[in-house]
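Below sits a lone chain in structure tokens, taken as the form predicted on its own.
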């Protein structure tokens, strides 16, 4: 019943199972070694089952014509996908997802190739059958992946060189594409090998430039911006910020569902709320839900609205602004950009703690305008 191949794989499966049990008991339950041994055991068990099912190539069956069976890289591709699956279980989820895609694609290609090789006794007909089935899927996928690689490589080039050089490079690349496309259109009788060679040289040049650009890294101004986080934090002082206040928004497209409209008029700060006929100096805001304040500046000087978020006594931060951390330069506050007279901006805050849990109140103020503030009460 059990021949040499069956005995070999069954023995290896048993040995892998013994090592897996010993590793889990004596070493560690969840680790790289445990995952690796589990996959080795599964692979050997599957091979043993396959060998038993095919009866180790019974000699009574007539062997297939070797000319109909071609070489295939799909088994190796499947192994690469399995390796990515293992890495995904240990390192990051993206590798696991990529491994699933590679394994499924390789198994599908492998299955169709095996089917096409047994379709007839004519190798040309078999290849044609495989192409009719897979080319409508393969060509769009390959074109999408190739275009993505070219776009990513070109972006690395543009981020590595200066702005002026980037503009020149973009113009030169677009001109070359236009000229080569016009050449192909005017000379349709060009040899396919020449056309393919030109396209391959261009693609390889862009990819090589992208690799070089990725190695060089971002140009100096972009590297400084990424390191300093110019656009990730807010500067809420009286002075105009070089980055945060650049091209400040002056109008709002949506004004619905605002908790209050805060106006600075004639040096006085007040809040207009639905249900109140007169301006208010106290605003009630809900807790653990986003609250939006609309700030309107009627002062001749550029002003900003600053929300003081208090200091939490214990636990989580008192509030969050637009999903970002609110503590900037040692102050628990957030703000709008500097806006000129007649402009307006919205400020969205989520208060995570009630007012009673704070050592300092929640307030809305305008830097440079003394003695004016609006208290925010969070029940």
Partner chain sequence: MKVRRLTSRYLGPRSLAASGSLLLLASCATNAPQDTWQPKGPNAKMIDDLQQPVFAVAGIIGIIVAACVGFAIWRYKDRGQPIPEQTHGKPALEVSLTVIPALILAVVGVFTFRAIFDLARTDDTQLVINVTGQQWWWEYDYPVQNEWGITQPIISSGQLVLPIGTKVLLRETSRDVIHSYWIPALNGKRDAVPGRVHTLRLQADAPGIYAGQCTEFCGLSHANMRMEAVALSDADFAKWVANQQAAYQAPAEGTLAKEGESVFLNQCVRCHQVSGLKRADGSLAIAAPDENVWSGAAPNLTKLMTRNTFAGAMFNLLRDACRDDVWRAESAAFGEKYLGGVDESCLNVNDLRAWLRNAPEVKPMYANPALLTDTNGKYRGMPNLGLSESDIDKLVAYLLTLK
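The structure displayed is predicted, hence computed values, not measured ones. Numbering follows the first chain given and starts at 1.
The same protein also exists as the form predicted in complex with the partner chain; that form is not shown, yet it is the one meant from here on.
Check your understanding: Counting only heavy atoms and a 4.5 Å cut-off, does the partner chain in the model of the complex sit next to every one of 264, 281 and 367?
Key -> The answer is no: none of the three residues contacts the partner (heavy atom, 4.5 Å cut-off).
Review point. Quick one: does residue 289 come within 4.5 Å of the partner chain in the model of the complex, counting heavy atoms only?
Key: Output for residue 289 is yes: heavy atoms within 4.5 Å of the partner chain.
Review point. So in the model of the complex, does residue 93 come within 4.5 Å of the partner chain, heavy atom to heavy atom?
Key: Residue 93: no contact with the partner chain in the model of the complex.
Check your understanding: Looking in the model of the complex, any heavy atom of residue 194 within 4.5 Å of the partner chain?
Key -> Outside the cut-off, so no.
Practice item. Report whether the minimum heavy atom distance between residue 354 and the partner chain in the model of the complex is within 4.5 Å. Key: Judged by the heavy-atom cut-off of 4.5 Å, residue 354 is in contact with the partner chain in the model of the complex.
Point to revise | Residue (of 206, 269, 259, 102) lying close to the partner chain in the model of the complex, criterion heavy atoms within 4.5 Å | key: Checked against the cut-off, the match is 259.
Check your understanding: Looking at 186, 145, 176, 274, which has any heavy atom no more than 4.5 Å from the partner chain in the model of the complex?
Key -> Among 186, 145, 176, 274, a heavy atom within 4.5 Å of the partner chain in the model of the complex occurs only for 274.
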